[in-house]
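Here you get one chain, nothing else, as structure tokens; it is the form predicted on its own.
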Amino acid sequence: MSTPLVHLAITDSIATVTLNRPDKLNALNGEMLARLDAIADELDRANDVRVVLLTGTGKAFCVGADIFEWSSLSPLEMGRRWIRDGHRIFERYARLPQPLIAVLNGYTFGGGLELALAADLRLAAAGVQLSFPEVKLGIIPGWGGTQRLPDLIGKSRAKQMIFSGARVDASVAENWGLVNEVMAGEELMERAQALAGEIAANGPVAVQLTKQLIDGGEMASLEALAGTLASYTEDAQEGVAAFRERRPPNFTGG
């Protein structure tokens, strides 16, 4: 059996998602996007998983979308399928209940950086370079980069990165707040697993609720939090009981 282009491994309470197309520097194709989507389904329902690590094999985390695949699409196919699928899948990773840590082991460009920006935290190896090179191809970041990057590092620095297409090294990225920590490459996964372990040792419900509160500007997060709390009130129990018993509810405000 061939190794999947995106691999999921779960050890104890920590899941590791690995982009596994090293010969193409983990450039994302349709098969990889579909696999990421399926893994998001699994993680979203995995109550035993408390933290998710996202990394790549070889010299790159991910150099973005596979140009040979998207460049052959018609404008309608690009808009209806490629762009929308990428947005939807990356948003699913941003909205995972568990904290998501991007472990940037190598080159992180374009759509790969957009995928990393969907994570809650980013750790980077010292030699990593990051960029949005799309303007050099006459296109723009299409999977959320124009929105998530300025939210993270401010509009001015985001404009500098996107307008120039220039690469930013790991030390600059850390100074700008684009990555949380930088370390030697041989220490990267050990540190990522240690941080994941620290998080996983805490109360999982408290951690997940805190994530929703910090991301509370998003309507889905607010609704999920409010809906969870509302469903455990005395009024909610009374409402369900009244429905089952086919009688008017007697709400008390509790």
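Quick caveat: nothing in here was measured; it's all calculated off a predicted structure. When you see a residue number, it is the position in the sequence shown, counting from 1.
Although not depicted, the form predicted together with a small molecule is the subject of the following passage.
Taking a 4.5 Å heavy atom cutoff to the small molecule in the model of the complex, the contact residue among Ile214, Ala194, Ile67, Ala206 is Ile67. Of the residues given (Leu188, Leu33, Leu53, Ala27), Ala27 alone sits with a heavy atom within 4.5 Å of the small molecule in the model of the complex. In the model of the complex, the small molecule sits within 4.5 Å of a heavy atom belonging to Val63. In the model of the complex, Ala166 stays away from the small molecule, with no heavy atom inside 4.5 Å. Although the partner is absent from this view, Pro133 contacts the small molecule in the model of the complex, with a non-hydrogen atom inside 4.5 angstroms. The shortest heavy atom separation between Arg45 and the small molecule in the model of the complex exceeds 4.5 Å. Shown alone, this chain has one stretch from 157-165, 134-142, 98-106, 173-181 that lies within 4.5 Å of the small molecule in the model of the complex by heavy atoms: 134-142.
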